[in-house]
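There is one chain below, alone, in structure tokens, taken in the form predicted alone.
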């Protein structure tokens, strides 16, 4: 990241001068969003301040074991309290998103606030809606970025067990425990150090990756057996799930997490998509291998975005219409899909 020292100095100056700090993550927060927010909060507390935290909506159950997660206020269900936090803030730090729409119903209040604003994120192409933008798409996760920022502001390693665990959670969730996503040797060295510092990897793994309901496992089996479509010619596979499908398996928030990744284990597949029907629109999760740019496809076709190999989006309409739109669009990406498949085959 260029001029890393400059960013740490500017961020520390803003934090030092602020009296009422608010941290906010994106809607439907994942492990990286919550890990990054909790990790940064741990350091700010060490500076004698007590930052508040907001999530645009409820957290998924697999994150509720983390230290201080009970202090995250859900804007959707506690709008009066969360709105007061926004109005009171003189510094708002937004973590793990690059578009204001990712704040959900909190968006208008945050943008109207006169507080100084900071973005800390690892997604490409951040929007220009903050006084300080700290963006590094070369990091595995925003949590990894927070780790280096905090140590830079501390002037040495910040040693705190909850900080280490929060960073670790962010890294392993955004990489699927290193099964996908972007990570480097620096990431692995950081993870090694976190483990050396006492992070209990088995405890974290069990909470995040071995903590599913029976209904979730049955839904996954149904999706793979009844709702999976494979197009070997275009190196693509997808799953589509209707509202009725979800209701049949007593769907809970987060139950479809990771379904799209499973399809990438099929030989020859470089693009996978999960379509999930909601009321009046369909949500998509896109995953890809190698050089195929899922982010570009999501931006161009589904009003979405993300990383090269992991993106999301949504589109109004029935699931039948959205899947048909996807199938009609896919042939225009044939050349890119074939190139990515050829690279992986080598």
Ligand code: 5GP
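Everything numeric in this text was worked out from a predicted model, so none of it was measured. Residue numbers count along the first chain shown, from 1.
This protein has a second form, the form predicted together with the ligand, left out of what is shown; the following refers to that one.
Here is the short version: of 54, 310, 34, 297, the single residue with a heavy atom within 4.5 Å of the ligand in the predicted complex is 310. Exactly one of the stretches 316-324, 60-68, 299-307, 45-53 approaches the ligand in the predicted complex with heavy atoms within 4.5 Å, and it is 299-307. Looking at residue 283, you'd find a heavy atom of it within 4.5 angstroms of the ligand in the predicted complex. At the 4.5 Å threshold, heavy atoms of residue 102 reach the ligand in the predicted complex. For residue 139, no non-hydrogen atom is located within 4.5 Å of the ligand in the predicted complex, even though that partner is not displayed.
The closest non-hydrogen atom of residue 235 lies beyond 4.5 Å of the ligand in the predicted complex.
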